Structures are given as structure tokens and as C-alpha cells.
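One chain comes next, on its own, written as C-alpha cells: the form predicted on its own.
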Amino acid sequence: MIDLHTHSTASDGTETPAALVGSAATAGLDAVALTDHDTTAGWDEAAGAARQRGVVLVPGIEVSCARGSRSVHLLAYLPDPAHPVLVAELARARESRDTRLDRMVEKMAADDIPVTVEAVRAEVRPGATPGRPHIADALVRGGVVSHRDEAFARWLGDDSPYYVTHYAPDPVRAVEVVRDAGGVAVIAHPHSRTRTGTVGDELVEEMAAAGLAGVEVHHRDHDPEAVAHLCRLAEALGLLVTGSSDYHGAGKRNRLGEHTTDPATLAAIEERAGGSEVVRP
């Protein structure tokens, strides 16, 4: 089994990169991709664990993008982590996320929601990409809500009065940057109706013209109608079809391996990549 979308404490997951790989081995996965938000910080730790646990590791990133008010997530597999333009884009996004976190917490505290910047900062692992899930974790730890999902439903969604935007590259530019860095770009959960909203076919087509390689079709946020539509779209555009869990440890109810990717698709990703290599035991 191959799961190509997971998160660790290097961004907003709840397991360290090494622990995540251990969980992947326990779940019976043959291969797992580590795709933390806007960072490659967990790659080395995950690679060491993958060699020890007998799991194939696909180093990746989930790049946060935006077109107008629409959030778009792009999975970048096997890019060169030292590519200067990619490094600069990721650094800009992380810095913007960092300052945005404080502004969101300040707005919430002004409305007497019991959360502080200090409490939220305590949830962010040193060097990790900060994000709204860390606010949720502070609220959970403080006993204000029982789970991240409740915090997002009440206060942290895109339509919340406490929502603050952060820098994110245009998705077409992001595809171009990932390609220039030798990576393989796959759009993540484009028909999600939860936090990011549905990405229209026109934008997917525009991204495909810029070098998008695939579509994450099989995802828990996609109902059967969305899966069928995205399969047709991928076939029409000549794109790879992937499936994954979007695992965040205890931070989401998603299970490792609940959706998977065909081995031939992973082989095609490896063949197209020119930045990094898959880590094998």
C-alpha cells in the first residue's frame, strides 16, 4: 500500500517524522510520502526512520497556494530542497503564516475566547511551519474544545471573523517553481468541501498547461460524484491519479492508508522527478 499525503510535527501533524514512519510501518504501508506544509524540515528524520522500519519514503511538500480568495494546495514530490526559488517561496510563506497566527489569536482574545499567543506558540515545535491547527491544539489543551475539528467549526474556518490571510503563491506559479526544482506537482483534494473549497476545472486545466502532473482523486473529502468527475478530468488532461489519507496523527480522524496510490503511479512520479530521490530501506 502507498499513501502519498501525510503530515508530521514539522508542520501541523501530531507525530514526529520518525513516529509517523513508524505508524506507517505498523499500518502495513509499503511506501509513504511526508508532505508537511511549506517545509522540508522533517525529511532527514523521516528518511532515517524509513531505512530502519523498512518503509519506502517519498520526500514531499504540501505547498499552500491561493487564487483570489480560493485556497489551493499543491503536493510537490521529490523536488530539490535546496533549489533557491523554491526555498525563497517556502520561507516567505512560513514567515507570513507566523505573523498571521499572532493576529488571529489577538482577534480571538479580544472577543474573550480563552487563548493566548504564548499558549499557541507552545504548541509549535521548534522549526515547524505554524498554522491554524496549532491554535486549535491550544484550545484543546486548555479544555475549551474537545478536538481540532470543533475549533475549526467554531472559530478557525475560512469564513470565520477571526480568519487572517497569509502569503501564498498563485497555483500556476507554484507548479512552475516545483517543476523548476525537479519536483512532480499533484493538486491536493481539489473537490474538498471542507476547509479549502472546490477548485474549478478551469484552474486545474491552467495548472496542467503549466506542468501539473497529477490529481489527488481518492481522498476522504471527495464523495463518489467528485471521484468520478476527477477521474474523467484526469483522463482528459493526461494526469496521474493518486490517493492518500492526508494523515495528521491525532490532529485529524484520517487513518493511514485509508486511500492509496497504485504502485505504477508512484513509479511514474519517480521517473518524472529530477530533484530528489525516493528513500528505500
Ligand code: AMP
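Sequential numbering from 1, following the sequence displayed. Just so it is clear, the model here is predicted, and its values are computed rather than measured.
Below, we turn to the form predicted together with the named molecule, even though it does not appear here.
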Based on heavy atom distances of at most 4.5 Å to the named molecule in the predicted complex, which listed stretch, 75 to 83, 203 to 211, 92 to 100, 174 to 182, is the contact stretch?
92 to 100
Interface membership of residue 170, the named molecule in the predicted complex, 4.5 Å heavy atom rule:
no
Residue 222 versus the named molecule, in the predicted complex: is there a non-hydrogen atom within 4.5 Å?
no
Should residue 70 be classed as touching the named molecule in the predicted complex when contacts are defined as heavy atoms within 4.5 Å?
no
If we define contact as a non-hydrogen atom of the residue within 4.5 angstroms of the partner, is residue 106 a contact of the named molecule in the predicted complex?
no
In the predicted complex, residues of 1 to 22 near the named molecule [heavy atom within 4.5 Å]
12
